[in-house]
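Only one chain is shown below, in structure tokens, and it's the form predicted alone.
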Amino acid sequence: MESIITWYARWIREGKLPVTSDWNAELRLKFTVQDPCQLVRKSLGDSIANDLRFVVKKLVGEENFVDMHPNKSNNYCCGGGGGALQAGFPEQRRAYGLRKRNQILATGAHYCIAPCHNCHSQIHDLAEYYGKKWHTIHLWTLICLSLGILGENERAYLGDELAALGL
């Protein structure tokens, strides 16, 4: 089994996916990344986490990546997986996610990249609920932004500094 993230890393290394971090050279926006439970901790481990960081650094610039601590296989769950988003207990889910909120805030990042849809929904909700201290972005959205092909209708989760970039 391989993740699309491994393929992204492979294609970037082979020059088949010509991403760039040039768009962030002047903005210098800081990004962190969520390690999804199912992908990293429960299946593919640190090798996929390393591929994820390789891709992210190519997208945003190595100097603009701030890792969470702990990270990779030791990172904390966001609290949104395993049906928690659909279970109907938002107060409990948010209380559990408080640890993730604090972890993201400690990075000082403007954006948290979430390659998992459950993580994205939970982390976005945590940001909204606890005062919008960061934006949540899908990995694919960032790839498209880097390639200059992000559509006008695909910018719902971007902050003002990125919402019109490349249009």
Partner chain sequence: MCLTCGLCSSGCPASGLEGMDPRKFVRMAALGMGETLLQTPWVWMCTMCKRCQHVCPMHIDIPALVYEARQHWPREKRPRGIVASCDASLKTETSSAMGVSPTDFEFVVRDMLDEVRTTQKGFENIVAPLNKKGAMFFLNQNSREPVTEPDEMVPLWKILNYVGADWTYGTLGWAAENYCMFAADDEAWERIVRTKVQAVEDLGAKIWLNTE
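Numbering follows the first chain given and starts at 1. Note that the structure is predicted; figures quoted are calculated from it, not measured.
The next section is about a form of this same protein that is not shown, the form predicted in complex with its partner chain.
Peer 1: Just one of 57, 30, 133, 41 has a heavy atom within 4.5 Å of its partner chain in the model of the complex. Which one?
Peer 2: Here the answer is residue option 41.
Peer 1: Tell me which of 22-30, 49-57, 118-126, 104-112 has residues with heavy atoms within 4.5 angstroms of its partner chain in the model of the complex?
Peer 2: Only one stretch passes the 4.5 Å heavy-atom test: 118-126.
Peer 1: State yes or no: in the model of the complex, is some non-hydrogen atom of residue 9 no more than 4.5 angstroms from a non-hydrogen atom of its partner chain?
Peer 2: So residue 9 does not count as contacting its partner chain.
Peer 1: State yes or no: in the model of the complex, is some non-hydrogen atom of residue 64 no more than 4.5 angstroms from a non-hydrogen atom of its partner chain?
Peer 2: Residue 64: no contact with its partner chain in the model of the complex.
Peer 1: How about residue 2 - does it come within 4.5 Å of its partner chain in the model of the complex, if we only consider non-hydrogen atoms?
Peer 2: Yes, residue 2 is a contact residue.
Peer 1: Hey, in the model of the complex, does residue 68 get a heavy atom within 4.5 angstroms of its partner chain?
Peer 2: No - in the model of the complex, heavy atoms of residue 68 and its partner chain never come within 4.5 Å of each other.
Peer 1: Hey, which residues along 87-102 are within 4.5 angstroms of its partner chain in the model of the complex, non-hydrogen atoms only?
Peer 2: Residues within 4.5 Å: 87, 89, 92, 95, 96, 99.
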